[in-house]
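As structure tokens, one chain now follows by itself in the form predicted on its own.
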Amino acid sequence: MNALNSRTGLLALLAVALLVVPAVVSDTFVLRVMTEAIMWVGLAIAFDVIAGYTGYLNFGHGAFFGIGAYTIGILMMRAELPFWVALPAGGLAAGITALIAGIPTLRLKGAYFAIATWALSRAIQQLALNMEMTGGPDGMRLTAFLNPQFFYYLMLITVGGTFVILWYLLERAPFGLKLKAIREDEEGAKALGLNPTKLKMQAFILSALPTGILGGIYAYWITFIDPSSTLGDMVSDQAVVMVVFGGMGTLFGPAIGALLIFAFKTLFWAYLSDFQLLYLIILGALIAISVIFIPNGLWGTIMRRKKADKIRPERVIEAGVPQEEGN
């Protein structure tokens, strides 16, 4: 309970600090970087719902991001709807896509599911490349709204709300335990009376909805979208690295991984922007290193060591081993 209270207190303190950032930071560039960092935290924790808690690695995560972005673009620029009407539609479109795509793909497991979701992402990208409505390979330009504070707070509230909802559903409600049961032993979960197909579908949609909303915010914020930037592999690839490096099956792990990887990405593009291939090589190397040396990710490794340090003195006392005086 003390650990939970201290963690809650730290989160509350962090929330207050983030809320006052625009009042303290006047540099537009810094605010823009922080806005994108918050966005990646949201993408990472949304990805972890299906990958970390359910055990299904989704290489098509970026497709939901792109669907949300293009939904906003089409509704605002073609149908001339206001942003606040179009934004929920972006999340809804991503959720409906997850529902339709999940029917065939969630029957697969392991590498087969990963390949199927990657193929889905590529198919949606090709669709955007050939549709006149999306602007084809030339992309779409949205009406500019130059207000860095607005997008910072919108991204912060969206990601903060997503974190709270996911934390309750996955860590406090039975839903999270059911997903973990599927991850550990799907056949065993079925024997216990659970419905894995239904639960996996719910997790898939829950992962897609906030991703689509974040894609919509990104489109309005960046003012220009095209198939390569919003539907390319980079969104999915970076989400995978962030979650694996930070720690799958948690919410804090992906958030930490997202911040560290994004910080590295920002510095890399600032000083080594001519070596794009090197960046992809480093991402791949990070996944390999994480899987081999820290399979539980940074956060999982830290938590396991803390737990081991706490249990070790208790075992010493139970075994009746005399401790040194003063200890």
Partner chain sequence: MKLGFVRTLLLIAALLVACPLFAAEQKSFKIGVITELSGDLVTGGNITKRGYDLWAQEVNAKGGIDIKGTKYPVKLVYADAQSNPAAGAAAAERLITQEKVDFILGPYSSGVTLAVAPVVDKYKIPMITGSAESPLIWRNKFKYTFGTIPPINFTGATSIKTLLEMKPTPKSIAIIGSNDAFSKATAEAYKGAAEAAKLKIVKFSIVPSGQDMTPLLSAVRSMKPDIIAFGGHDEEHVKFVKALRQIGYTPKALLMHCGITDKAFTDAVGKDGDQIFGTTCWTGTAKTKSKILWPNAAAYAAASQKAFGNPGDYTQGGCSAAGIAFQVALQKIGAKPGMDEAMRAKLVKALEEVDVQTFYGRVKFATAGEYYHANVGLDPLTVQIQKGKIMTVGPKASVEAAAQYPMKEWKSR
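Just so we're clear, the structure is a prediction, and the values are computed from it rather than from any experiment. Residue numbers count along the first chain shown, from 1.
Here the subject shifts to the form predicted together with its partner chain, a form of this protein not shown in this document.
In the predicted bound form, Asp138 approaches its partner chain with a heavy atom inside 4.5 Å.
Under a 4.5 angstroms non-hydrogen atom cutoff, its partner chain in the predicted bound form has Val30 among its neighbouring residues. Gly161 falls outside the set of residues with a heavy atom inside 4.5 Å of its partner chain in the predicted bound form. Shown alone here, Phe224 lies within 4.5 Å of its partner chain in the predicted bound form, counting heavy atoms only. Contact annotation for the candidate site: Lys180, Leu260 and Trp299 all lie away from its partner chain in the predicted bound form (no heavy atom within 4.5 Å). The stretch that touches its partner chain in the predicted bound form, counting heavy atoms within 4.5 Å, is 130-138, out of 130-138, 86-94, 207-215, 169-177. The partner is absent here; in the predicted bound form, the one residue of Ile157, Ala191, Ala79, Ala144 having a heavy atom within 4.5 Å of its partner chain is Ala144.
Applying a 4.5 Å heavy atom cutoff to its partner chain in the predicted bound form picks out no residue from 150-189.
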